[in-house]
Each structure stands twice: as C-alpha cells, then as structure tokens.
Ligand SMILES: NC(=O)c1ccc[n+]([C@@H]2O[C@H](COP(=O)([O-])OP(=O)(O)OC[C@H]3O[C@@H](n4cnc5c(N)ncnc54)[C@H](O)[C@@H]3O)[C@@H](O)[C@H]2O)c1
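A single chain comes next, written as structure tokens; it is the form predicted alone.
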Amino acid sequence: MGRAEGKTVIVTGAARGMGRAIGHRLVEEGANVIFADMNAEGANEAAAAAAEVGPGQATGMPVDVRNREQTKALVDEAVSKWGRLDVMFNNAGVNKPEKFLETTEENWQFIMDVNALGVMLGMQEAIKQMLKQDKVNGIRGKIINTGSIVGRDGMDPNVAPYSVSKFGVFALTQMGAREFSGEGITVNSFAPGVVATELWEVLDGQLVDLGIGEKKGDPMRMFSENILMGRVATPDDITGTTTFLASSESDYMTGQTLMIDGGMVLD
C-alpha cells in the first residue's frame, strides 16, 4: 500500500520540474492527482506519463493561479472526479532576476501575483472545500506550499521580488496553520535550494546577462558553492519530503517549513 493511497491531490505548476516530479511520485504512491498548470499541453502530458505507471489516477487541467474562478474550478474538478480534496500543493511560481535598483513595478507585481496571491487563493479555495469534508483520522485536509531558501535568507539582491514573495509564502503558511489546524486542516511548506530544473536553466542565463558570472553555468555553480552536500538537488531529491507532507505520517505537523537545500541555510 502506497503512502498516499486513495488521496485526492492537486499540484499546481505541475507541467515540469518539481511540480511534475511531486505529482508523479504521489501517483506512484497511490494518489489521484490533478496536474495543474498554465501550460495545458504540458499538464496533460505530465499527467499521462504519471498515469502510465500508476497505481493512482492522473489528469491534467489548465489553471492560472492568479484567477480565483479558475482555482475554484480546479478544486471542484478534483471533488467531482474523486469525491473530496485531501491535499493541495500550491507549487506554481515564477522568477525573473533584475538588479535591485532596476527592479520594475511590473516585474514586482507579476511575481507577487503568482507566488503570493496565487498561494493565498489556492489556500482559500482548497480550505473552503476541506471544511465541508469529514475528518479522516482527525484530518480534513492538508495544504502544502512551495517556498524557497531565499524566503529564509535574502541572499541575492537580484531576485528581490521573488525573495519577498517567498517570505510571504511562509507567513501565509503560519497564519493558515493558526487559523485552521483546530478544524483538522494542516498547513506546511517546504523550501528548496538550488534544484536542477528547466526554471534554473532559464534563471542561469538571465543571471549571466546581469553580470553574475561570465558564461552559462557560472551562476548555478556560484550559488552551489555553499551546499554542504556538495551538489545541486534534482527534483527526485525533493519528492521524499513532499510525499511525507502529503501522507498521514505528517498528521501532527503544522505551521512548519522544511528546508530541502542540502545544507545551504542552517537554522
């Protein structure tokens, strides 16, 4: 029996990278998962690949996490297909580096809308549904938010909006835990460090354009120098922790952020 057997799960930002890996691992562990993403084709492809290995079911669905109606429709679809919503992964996120003094209002608002407002809307619509559900072993549902090490340490002034948005994710996690844990809804987050995904490949090139390093690959190498484990993470390095957070093994945990960064930030 898988660690997520029979659970209904939504993962946003699931067309690629960490979101795809999180959803894929949960399907392998027996969960029924909606792979949600603005990239509808990518979401459907990721879901189809996961469904092939099972044993859980998987489907893709387009969503703009900045849009409440679309987010509500996403939750409604999960309930329509599988009867309830057990776990909501608010994972969708964006980043666009700019030097601190050149950060524009447009870039600030775009990143904050996706990374912070999107998490709040996802939490709200998921929790509204979870409050309608019966408890299973004392739990109505779980909210899991994707943070970042730069939400714990403002280490790079070239990603100020992103860093602020991820600080906000941790605040939303704590406030959600205080408000709803008594209702049987837990709210936790996790904070990756440098993860080898398509997003980091794009960021690497953008940082070179800002003068961080001389050639592609330099920024990732520079950011990775302080990783105690001696290497960058892969998406599969993240999924053990995310599966734990989605499973009943984390039922007595709420309001926490788990660092999955190979030892870059030490509390």
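Since this is a predicted model, take the numbers as computed values, not measurements. Residue positions are given as counts along the sequence shown, with the first one as 1.
There is another form of this protein, the form predicted in complex with the ligand, and it is not shown here; the text below is about that form.
Novice: Based on heavy atom distances of 4.5 Å or less, which listed stretch (222-230, 31-39, 206-214, 45-53) is in contact with the ligand in the model of the complex?
Specialist: In short, 31-39.
Novice: Establish, in the model of the complex, whether E69, G122 and A246 all lie within 4.5 Å of the ligand, using non-hydrogen atoms for the distance.
Specialist: Looking in the model of the complex, the three residues E69, G122 and A246 all stay beyond 4.5 Å of the ligand (heavy atoms).
Novice: With the partner left out of view, is T146 within 4.5 angstroms of the ligand in the model of the complex by any non-hydrogen atom?
Specialist: Although the ligand is absent here, T146 would touch it in the model of the complex, with heavy atoms inside 4.5 Å.
Novice: Tell me, yes or no, whether P161 is in contact with the ligand in the model of the complex, where a contact means a heavy atom of each within 4.5 Å.
Specialist: The answer is no: P161 has no heavy atom within 4.5 Å of the ligand.
Novice: Does P97 reach the ligand in the model of the complex, with heavy atoms at most 4.5 Å apart?
Specialist: Contact check for P97: no, nothing within 4.5 Å of the ligand in the model of the complex.
Novice: Could you tell me if T197 has a non-hydrogen atom within 4.5 Å of the ligand in the model of the complex?
Specialist: Judged by the heavy-atom cut-off of 4.5 Å, T197 is in contact with the ligand in the model of the complex.
Novice: Among A78, I185, A92, L172, which has at least one heavy atom within 4.5 Å of the ligand in the model of the complex?
Specialist: Of A78, I185, A92, L172, the residue with a heavy atom within 4.5 Å of the ligand in the model of the complex is A92.
Novice: In the model of the complex, which residues of 1-39 put a heavy atom within 4.5 Å of the ligand?
Specialist: Heavy-atom contacts within 4.5 Å come from G13, A15, R16, G17, M18, G19, D37, M38, N39.
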